[in-house]
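First comes one chain, alone, set out as structure tokens in the form predicted on its own.
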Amino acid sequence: MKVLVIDDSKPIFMMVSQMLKELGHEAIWAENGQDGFEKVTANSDLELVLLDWNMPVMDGLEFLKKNGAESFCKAPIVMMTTENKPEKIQEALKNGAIDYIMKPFTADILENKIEMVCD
């Protein structure tokens, strides 16, 4: 499965990418929501997007709202964030995220989340 990881932190991408590789998936990196938008439009075969909340240029919520208005991303979008306030999580879900995963997370948690949202 091809997974787009949208996160401004290269170390986070490297960690998540390694987890995805070990689970048999391919990871593509976008540094922010704008870069993510460009990667989504260039990769029609994406099966999952892991989206950070806090990023420069275009944050995760802005990405979700843009997708809500333009429907450019057909893959399920899972927020991966340190935001743990219920109202923030609800806002992300209301704007198109299908689930969320709290940072930091383990490969087991990631695998379970992928199975839950992609099956």
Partner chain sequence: MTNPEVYKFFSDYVYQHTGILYKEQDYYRLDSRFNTLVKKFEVKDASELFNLYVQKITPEMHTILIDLCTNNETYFMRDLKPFKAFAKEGMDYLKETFPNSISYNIWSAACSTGQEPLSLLMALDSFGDKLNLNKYKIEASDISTNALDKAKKGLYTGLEVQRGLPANLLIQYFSQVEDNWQVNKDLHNKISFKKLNLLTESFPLNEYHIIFCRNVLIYQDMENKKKILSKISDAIKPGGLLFMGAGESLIGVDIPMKQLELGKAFCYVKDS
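What you see is a predicted model, and the numbers here were worked out from it, not measured in a lab. Numbering follows the first chain given and starts at 1.
There is another form of the same protein, the form predicted in complex with its partner chain; it is not shown, and what comes next is about it.
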ask   = What stretch, of 69-77, 30-38, 53-61, 85-93, brings heavy atoms to within 4.5 Å of its partner chain in the predicted bound form?
value = 85-93
query = With a 4.5 Å heavy atom cut-off, would you call residue 100 a contact of its partner chain in the predicted bound form?
reply = yes
ask   = Given that the partner is absent here, does residue 24 sit within 4.5 Å of its partner chain in the predicted bound form, heavy atoms only?
value = no
key: Interface membership of residue 113, its partner chain in the predicted bound form, 4.5 Å heavy atom rule   = yes
task = Consider residue 104 of the chain shown here, and say whether it contacts its partner chain in the predicted bound form, taking contact as heavy atoms within 4.5 Å.
result = yes
